[in-house]
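Okay, so here's just one chain, in structure tokens, the form predicted on its own.
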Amino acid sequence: MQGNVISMRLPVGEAFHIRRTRIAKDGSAGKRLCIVTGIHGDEFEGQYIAYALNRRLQEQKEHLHGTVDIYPAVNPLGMESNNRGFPGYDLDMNRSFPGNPEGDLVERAAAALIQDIMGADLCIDLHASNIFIREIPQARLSSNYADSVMEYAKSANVDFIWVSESKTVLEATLVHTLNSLSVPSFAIEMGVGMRITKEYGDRITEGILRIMKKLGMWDGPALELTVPLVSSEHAVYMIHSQSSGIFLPVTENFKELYEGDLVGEIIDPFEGKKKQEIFAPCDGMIFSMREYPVVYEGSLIARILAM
């Protein structure tokens, strides 16, 4: 069943809608899971998961016990224009929660989404990275609320669980706001902006079904594909560029490294010179790797989970 979370008229006869798809057996009671994606208009990894999960649940509804609400495009204007924020407002919706029902378009949309999700037993906010960094599938948990969602994150088929105050879960995000309102929530981030990585999407779809099993909402098949590492058991190191130029990686995501191993080089095509060699600061595993080759001094190159 499809419905609108909010509808507002826009100039020039256009309209703004946040749509929700609800999947439940007729008369089904039980728990409620919310899947949100498309808060950032340049992130499409969650679009495939919304499709794959919706299709699986519709085809095997006899295994469903409870209600699944899918919000495939929370920022439809951004997705239509390939804009990370709200076009015309220069605002990041994921810094606008809990919103304001009497505010501007972004604030009203944020408030309506929160109101619609309230009362859910769990919410998962699906993200991709931006165009600059490629992420392995990872769950991001706010350190203040990690205990309430850790068991679910461990079932999500992610490679890594990052417990921190990263930008995805800090104050004024959807995840932080819902947790503060007693709706357990966490974010999953994967891939790269403006792209879809089907392999990741298939894994996370199976992971969501495994989470539903934990919630008592699913008795059908769900594959366990990965057992994640958890950052609270290890330190996380950031590598930043010390020069401007073109970054050439010599390793890849989720590959084991040892302290002193070469991660990549920064070159200058104008002078034909190598400007910097970048070495691993510790033994560990890369979970974020620079995708966009142009870098400036201070640009993020990689994040490494120390082992």
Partner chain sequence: MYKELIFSLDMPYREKMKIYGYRFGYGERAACIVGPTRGNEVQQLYICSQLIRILTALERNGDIHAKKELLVIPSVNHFSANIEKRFWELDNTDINRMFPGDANGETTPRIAAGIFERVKGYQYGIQFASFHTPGAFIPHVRMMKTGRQSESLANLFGLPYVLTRKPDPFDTGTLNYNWQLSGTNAFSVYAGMIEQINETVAMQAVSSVLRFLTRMGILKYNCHSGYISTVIEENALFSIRSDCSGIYRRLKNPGDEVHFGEVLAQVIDPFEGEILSEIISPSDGILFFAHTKSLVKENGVIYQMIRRLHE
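Numbering follows the first chain given and starts at 1. Remember, predicted model here, so these are calculated numbers, not experimental data.
The same protein also has a form predicted together with the partner chain, omitted here; what follows describes it.
The partner chain in the model of the complex is not approached by residue 24, whose heavy atoms all lie more than 4.5 angstroms from it. At a distance threshold of 4.5 angstroms between non-hydrogen atoms, residue 214 is out of contact with the partner chain in the model of the complex. The partner chain is not drawn, but in the model of the complex it has no heavy atom within 4.5 Å of residue 67. Proximity of residue 270 to the partner chain in the model of the complex falls within the 4.5 Å heavy atom cutoff. The stretch that touches the partner chain in the model of the complex, counting heavy atoms within 4.5 Å, is 241 to 249, out of 257 to 265, 241 to 249, 59 to 67, 31 to 39. Not one of 120, 221 and 224 places a heavy atom within 4.5 Å of the partner chain in the model of the complex. Contacts between stretch 274 to 292 and the partner chain, counted in the model of the complex as any heavy atom lying within 4.5 Å, involve 290, 292, listed in sequence order.
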